[in-house]
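Only one chain comes next, encoded as structure tokens, the form predicted alone.
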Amino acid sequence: MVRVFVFLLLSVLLLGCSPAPEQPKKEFNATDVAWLQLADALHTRALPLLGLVRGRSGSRTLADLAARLGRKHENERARLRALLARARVTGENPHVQHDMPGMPTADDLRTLTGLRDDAFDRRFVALFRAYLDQLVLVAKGEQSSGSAPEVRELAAALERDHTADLAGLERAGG
């Protein structure tokens, strides 16, 4: 009986000492957190799309653009995740498994793997244009409703960069 009592007492004490999940820092509002997570999920879904271009595109210009954008998106993703860590947002990103506007889907990737040359290029450009349009749109929302200056600055930079990427995409693959 004494052993059971000691076990229960230790269990209560240990459970009482467990750290509570951290809440996002006060400087980060719900829009900041949602935008960081959504932008990260969009980037995560776009990387496999960009990875398909080199072996399937009929355009060297488009393949070079996709390679450059793939490297750039990896760097952006690291910046988004660093801000999520600063905001103390941990755990799985709730948006990664959702199919949302602008997000390449598993069906999109399957379709693209069966295409080559001009057919691939047309479909890739349409999907990537929708993706970039969505990134620009949500970056604007963060700038108008976010509160953390560093997050808003990143959103402004990504809006500018992705607007320029849209122009580059038009030049490379029209």
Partner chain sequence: MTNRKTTLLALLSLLIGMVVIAPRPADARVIRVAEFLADCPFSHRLPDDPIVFPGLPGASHMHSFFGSRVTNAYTQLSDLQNGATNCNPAVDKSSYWVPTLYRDGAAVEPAIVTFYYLGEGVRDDIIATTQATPLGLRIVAGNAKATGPDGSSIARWSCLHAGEVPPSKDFVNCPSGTMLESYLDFPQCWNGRDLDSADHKSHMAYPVAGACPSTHPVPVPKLRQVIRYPVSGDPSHFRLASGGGFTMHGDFFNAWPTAEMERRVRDCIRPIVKCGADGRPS
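Residue numbers count along the first chain shown, from 1. Because the structure is predicted, anything quoted here is derived from the model rather than measured.
If you look for the form predicted in complex with its partner chain, you will not find it shown, but the lines that follow are about it.
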Query raised in the report: Is S57 one of the residues lying within 4.5 Å of its partner chain in the model of the complex, judged by heavy atom distances?
Result: no
Report task. Find out whether any non-hydrogen atom of D108 is located within 4.5 angstroms of its partner chain in the model of the complex, and reply yes or no. Result -> no
For this session: Report yes if any heavy atom of G141 sits within 4.5 Å of a heavy atom of its partner chain in the model of the complex; otherwise report no.
Result: yes
Discussion item. L38 versus its partner chain, in the model of the complex: is there a non-hydrogen atom within 4.5 Å?
Written reply: yes
The listed residue (H95, R79, R86, K72) that reaches within 4.5 Å of its partner chain in the model of the complex by any heavy atom is H95
Exactly one listed stretch (29-37, 45-53, 64-72, 115-123) reaches within 4.5 angstroms of its partner chain in the model of the complex by non-hydrogen atoms, and it is 29-37
Give a yes or no on whether every one of P101, L137 and S145 sits within 4.5 angstroms of its partner chain in the model of the complex by heavy atom.
yes
Those residues of 54-84 with a non-hydrogen atom no more than 4.5 Å from its partner chain in the model of the complex are none
